[in-house]
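Quick heads-up: it's one chain on its own, the form predicted alone, in structure tokens.
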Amino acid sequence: MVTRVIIIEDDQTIREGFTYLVNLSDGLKMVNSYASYEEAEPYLVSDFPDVILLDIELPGINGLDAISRIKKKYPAAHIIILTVYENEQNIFKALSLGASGYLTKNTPSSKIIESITEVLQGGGPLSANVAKMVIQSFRKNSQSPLSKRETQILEGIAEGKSRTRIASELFIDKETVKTHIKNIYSKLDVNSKEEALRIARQDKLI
């Protein structure tokens, strides 16, 4: 039985590279490749893919938003995120929305091919750094004084994101972010971003 694969990736060179790689592998066939979710959407059902390799940074509808759309339209497909981004927020959002795996593009090609088979057997392939981040998240201090939202904001700050970007990614306004930051400073008894991050890392709050 041949495993049917499609890739949604805006970089043509990467699409062609993975198409060649997949078609070279026994039991796998790249049925189609697309530069955006919008381009792929009309053909999802007729392509009948077992596995979808999906980039996050796509023109139009991004990969994270595409996951739930794919799952609604074609729930049988196993989605493997294939991206350069390995920040914690993207990882957990992708997995919580229904992605079966999360690999970075510098993952060895042999591992990517193995991962296509692995998801069909119920596995959840992760790149080494991604797996490490998932494990570390379970080691966080369960007695943290911070709320889930405050923790998300502090993680965003730790990743060097601006308040505007944090607000955009969390779908809240900038003033709400500022309020949460004030509450974080108050709970941690600090007066600066640097102090907040030092205590957060020391006490495993992020």
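Predicted, not measured: the structure shown is a model, and the values here were computed from it. We call the rigid core whatever largest set of C-alpha positions still superposes within 1.5 Å between the two forms. Heads up: residue numbers just count along the shown sequence, starting at 1.
Omitted from view is the form predicted together with the DNA, to which the following refers.
Each of Ser162, Lys178 and Ser192 places at least one heavy atom within 4.5 Å of the DNA in the predicted bound form. With the partner omitted here, the stretch from 23-31, 62-70, 149-157, 40-48 that lies within 4.5 Å of the DNA by heavy atoms in the predicted bound form is 149-157. Taking non-hydrogen atoms only, Lys187 approaches the DNA to within 4.5 angstroms in the predicted bound form. Under a 4.5 angstroms non-hydrogen atom cutoff, the DNA in the predicted bound form lacks Ile56 among its neighbouring residues. Within 4.5 Å of any heavy atom of the DNA in the predicted bound form lies no heavy atom of Ala35. Taking non-hydrogen atoms only, Asp173 approaches the DNA to within 4.5 angstroms in the predicted bound form. Once both forms are fitted on their rigid core, the CA atom of Lys187 lies 2 Å or more apart between this form and the one not shown.
With the core held fixed, Lys178 shows a CA shift of 2 Å or greater between this form and the one not shown. In a rigid-core overlay of the protein, Leu197 has its C-alpha displaced by at least 2 Å between this form and the one not shown. In the predicted bound form, the Cα positions of Arg165 and Lys71 lie at least 3 Å farther from each other than in the form displayed.
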